[in-house]
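Next comes just one chain, in C-alpha cells: the form predicted alone.
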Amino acid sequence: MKRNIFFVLPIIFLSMSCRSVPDRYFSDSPRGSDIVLEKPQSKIDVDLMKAFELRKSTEEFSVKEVSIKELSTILWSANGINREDGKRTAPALFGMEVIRIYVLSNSGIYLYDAMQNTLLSRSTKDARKDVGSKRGGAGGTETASLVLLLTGDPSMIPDFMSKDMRLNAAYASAGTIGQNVYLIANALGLRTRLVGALSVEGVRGCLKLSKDEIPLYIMPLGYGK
C-alpha cells in the first residue's frame, strides 16, 4: 500500500509543476540575447472556416504583452517548417526563401530563424515607433506589443526573370505569409493588420540590411482594446 502512495505522489507533483510553468515574455529575456522559441500549438479549437470569419484588421491595441508561446505558434504558421524536407507553411517561388521575418519588441529587434526555431538578436533598440510611415496609414505600430517586419531579397530569385517579376514574386510571397499571420493570430484571440505604409528610412536606420533586402510590409501584433 505504501509503495502505491509513493508512486502516485510524484505524478501528482509533476502535473502540478507543469501547470504552474509561467508564460515567457520578451520583457523577461536578457537584452541582446537570442531567444529559443517553443513548439507551436498542435491544436486550436477554431476550424478553418471560423478562422476566415474571424479574420480582420485592427488599428488599436492594448498594452498586454504577447507571450513567447503565442509568438512561436504565429511564426511557425507564418512561414515555419511543416515537412521533413524543410519546406514551409507558405509557398515560395522556385522554393527560394526570399522573405525574412523580423520581430520588433520592447527589448529589441530579432530575426526569425525557422530552421533553428529561434529568434536571433539583431539590435537592442525598441524600433516599433520608427518603422511606420510618418504620413499616416500605419496605425498600431507604436502601441502594439510586437511589430512583425517582412523584408524580401528578390536577387535570390533566378535572373532569367525580369527585375519587376522578381519584385512582384517577393511581394506575393510576403502577402501569403501575411495572410497566415492574420488567420492564426485571430484564431488565438490576437489582432493584427498588414501595413504597406512603412518607413524605409526608419527600417534601414534600425537594421543593417543588404542593398538587395527590401522592406515590404509591417504587421503590428497584439491584443485588441
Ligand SMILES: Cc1cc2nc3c(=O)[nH]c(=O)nc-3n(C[C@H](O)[C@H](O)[C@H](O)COP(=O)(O)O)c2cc1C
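Numbers follow the displayed sequence, beginning with 1. These numbers were taken from a predicted model, which means no experiment stands behind them.
Absent from the display: the form predicted together with the ligand. The rest refers to it.
Chemist: Exactly one residue in 56, 31, 163, 64 has a non-hydrogen atom within 4.5 Å of the ligand in the predicted bound form; which is it?
Modeler: Filtering the options by heavy-atom distance leaves 56.
Chemist: Which of 195, 181, 174, 35 has a heavy atom within 4.5 Å of the ligand in the predicted bound form?
Modeler: Partner contact (heavy atom, 4.5 Å) among the options: 195.
Chemist: Wondering, does residue 80 line up within 4.5 Å of the ligand in the predicted bound form on heavy atoms?
Modeler: Result no; residue 80 lies far from the ligand in the predicted bound form.
Chemist: Of the listed stretches (44-52, 64-72, 186-194, 152-160), which one has a non-hydrogen atom within 4.5 Å of the ligand in the predicted bound form?
Modeler: Of the stretches listed, the one contacting the partner is 186-194.
Chemist: Heavy atom within 4.5 Å of the ligand in the predicted bound form: which residues of 204-221 qualify?
Modeler: The stretch touches the partner through 217 alone.
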